[in-house]
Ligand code: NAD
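Taking the form predicted on its own, here's one chain by itself in structure tokens.
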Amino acid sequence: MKDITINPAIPFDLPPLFVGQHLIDGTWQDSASGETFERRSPSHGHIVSRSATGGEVEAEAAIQAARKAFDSGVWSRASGKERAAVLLKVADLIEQNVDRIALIETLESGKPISQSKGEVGGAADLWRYAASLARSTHGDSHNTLGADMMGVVLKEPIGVVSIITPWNFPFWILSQKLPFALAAGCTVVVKPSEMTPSTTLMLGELLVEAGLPAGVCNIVLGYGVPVGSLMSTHESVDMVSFTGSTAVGKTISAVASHTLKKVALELGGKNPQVIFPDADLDAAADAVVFGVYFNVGQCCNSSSRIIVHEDIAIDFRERVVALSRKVKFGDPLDPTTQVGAIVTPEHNSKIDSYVKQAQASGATVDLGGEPLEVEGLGDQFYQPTVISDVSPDMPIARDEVFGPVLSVLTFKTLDEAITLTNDSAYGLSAGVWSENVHTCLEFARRAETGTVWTNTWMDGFPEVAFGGFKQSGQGREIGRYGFEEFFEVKSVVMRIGNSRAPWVPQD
């Protein structure tokens, strides 16, 4: 093993088994079948949770509960003030329960505890921002249509929303969707990933405690088939909001089209950081290391490829490798750990297959390139990996590897850097590093991505919309643009006074 930094297992009292039930119409319940599934910790090997396995019975009941709640107006016709009060209470409760929620998230996902705490605690800000939007929603009026006419454009909640979330940021991604849907007045059915179900249920507990009316938010546990399938096709569902793989997103878009329901998709990415010779190379190298190893590289915004000017390519790669050796891999329960476990053994093998394929095609592994065994925890980890001599046609440069693996490509001119950036089926995010504002602005305008960071990476705010171009998805999340996804627009045209001329001639 090459010289890298590893944190071995630390003594820790693991929590008792978490038992998960569905939340349907305000009540916690087991599956009609009595079936359950278990989640084993990728880092510690013990069973973290045992959850009810939902089927069509539970999905149907949850959808009907959401439909009934929406049509009753108990939430959809509540005032913005009333909705905001509940959302703000949820934000307070999240902050009061950070440690408890973050621990389960770390054990189910394998991510470092420090990152879980940041994810859970930071999500409270999303709820507070959504609460502010609940009170500031407004349409338009048109008072220039003539002396006897007035037009009003209303925004109304779209209805019942199916929310399907992934395993890599189960609490954060749910909080990018759920509070905004609730702020708009929608009712929802949520299906978390079967690999990380428990923190979604913990949030459900907080919703109940905050006073959210029964049926407004329902949670069904289980697998994509049949639960997610029914949530995507049911006639009583008005919208599907999904975060996950591009392949599954395409399937949802196809099946949802049969009922012409709205679909919002946040999918994969193959995100580059482009480094010019005049950049602050130390800051850029640190951001690259953060971008590829954060959340074990299992992040749609991972900067899994860098495009470096050839004049500085060797020097910059050496800086990245040197920093990578210092990143602390290992026990996710150690507060100093920066990179934890890979979510499943199968995914660990998939990551390794991309690295081996690149080597076979002539790429050079400058660091890592192998699964990693951590003392006291096993081998469901992967070494920090940097690969150079990568050509743009290699799968490792084009596919979403979803692991702590960095591909290094080079360029000569700005035009070439932009061409390499846009030579991808994805278009989620990109970064540019240069002290020249003109370089940054031109790159930002020409990059075909939903987000462009300049001289930084992965800074995000509730006010700023998030989403991708091309096969990275459709629609937007968070910010006012993300909020607008959960509305229908209705025009009301009013004639003032009895001024309409008859169409049929009068006798």
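All residue numbers are counted from 1 along the displayed sequence. Given the structure is predicted, the values throughout are model-derived calculations rather than measurements.
The form predicted in complex with ligand NAD exists for this protein as well; it is not shown, and the discussion that follows is about that form.
- For the chain shown alone, residue 158 is not a contact residue for ligand NAD in the predicted bound form, no non-hydrogen atom being within 4.5 angstroms.
- In the predicted bound form, ligand NAD sits within 4.5 Å of a heavy atom of residue 244.
- The closest non-hydrogen atom of residue 224 lies within 4.5 Å of ligand NAD in the predicted bound form.
- Residue 167 belongs to the set of residues with a heavy atom inside 4.5 Å of ligand NAD in the predicted bound form.
- Just one of 390, 201, 248, 327 comes within 4.5 Å of ligand NAD in the predicted bound form, counting any heavy atom, and that one is 248.
- Only one of 101, 428, 90, 219 lies close to ligand NAD in the predicted bound form, with a heavy atom inside 4.5 Å, and it is 428.
- Segments offered: 179 to 187, 91 to 99, 236 to 244, 136 to 144. Contacting ligand NAD in the predicted bound form at heavy atom distances within 4.5 Å is 236 to 244.
- Residues of 265 to 297 lying near ligand NAD in the predicted bound form, listed in sequence order, are 266, 267, 268, 269, the criterion being any heavy atom within 4.5 Å.
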